[in-house]
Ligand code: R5P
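Before any questions on how it binds or moves, here is one chain, the form predicted alone, in structure tokens.
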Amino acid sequence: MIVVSGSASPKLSARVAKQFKCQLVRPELWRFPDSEFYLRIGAELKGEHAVVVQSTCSPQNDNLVELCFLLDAVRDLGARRVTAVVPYLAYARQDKRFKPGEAISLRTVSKLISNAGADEFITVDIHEEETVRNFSIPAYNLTAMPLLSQYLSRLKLKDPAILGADQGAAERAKRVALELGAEHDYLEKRRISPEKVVTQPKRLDVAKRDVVIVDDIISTGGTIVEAAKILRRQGARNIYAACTHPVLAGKALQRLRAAGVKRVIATDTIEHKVSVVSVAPLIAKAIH
């Protein structure tokens, strides 16, 4: 087995290679003056199982094109099996047509990866589980929630309450809570007047408790910022935000901290300074 590192996931690639105790290859990648990519893999791959690790985080389009180049190159260089590990998949939330004429972008991305040379596809906490069916190759969605739970268990939280960022994240909050032996709930938007909508826990009292808001992705952080302000008013002791994918666009991290979030805890599906949990063991376990 050989792990081939995409430029978006150098640390995670190294951690996956360490799990397998195998060779790690870092391809040569640079741009021509017109911005086209040049990519070269300087390793013998004939007959090998090549594991390509590349998230498609920002800049999404560049990282997606690089992923396709890597998959096609390792196949063309004679790899007997090609596994595409895309811990964070761009365009995963564009999986439906809401208005006439809209591109279903996830479907296109799935076709690109399926046809670029991969034999199988692995991702982590894709936004909607059923969307892996868009792939024409075997596709697997892993969850990092147990890994986040293990990390949170070391923080010695006081009477923790685990909250899904919305109803859609309720199941993720439940998985984290089960590992911790904690109560769980989700944040619900309630209209209290024609002009005002508030976000608050559906049923739990958070006073004097450590609260962890859980989601698959934190992008702008808007939902968590609004929730954190309310939780503080309700007397929460400390507020944490935990997610698999720390997109954290723009000044999202600063906004979260200003709203009273003590700490953001994330995995290395996207390599960020808040990525304190590695999904490498999860990926290694999924690859046989």
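Being a predicted model, the structure only gives us computed values, none of them experimental. The numbering used is simple: start at 1 and walk along the sequence shown.
Below: the form predicted together with the named molecule, not depicted.
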query	finding
Position in contact with the named molecule when the complex is considered in the model of the complex, options G222, P59, G235, G250, heavy atoms within 4.5 Å	G222
Single option in R81, R209, K174, H127 placed near the named molecule in the model of the complex, where near means a heavy atom within 4.5 Å	H127
R93, heavy atom within 4.5 angstroms of the named molecule in the model of the complex	yes
Interface membership of D166, the named molecule in the model of the complex, 4.5 Å heavy atom rule	yes
Proximity of I218 to the named molecule in the model of the complex, heavy atoms at 4.5 Å	yes
Interface stretch in the model of the complex with the named molecule - options 149-157, 68-76, 209-217, 109-117, non-hydrogen atom within 4.5 Å	209-217
Stretch 100-118 - residues with a heavy atom within 4.5 Å of the named molecule in the model of the complex	none
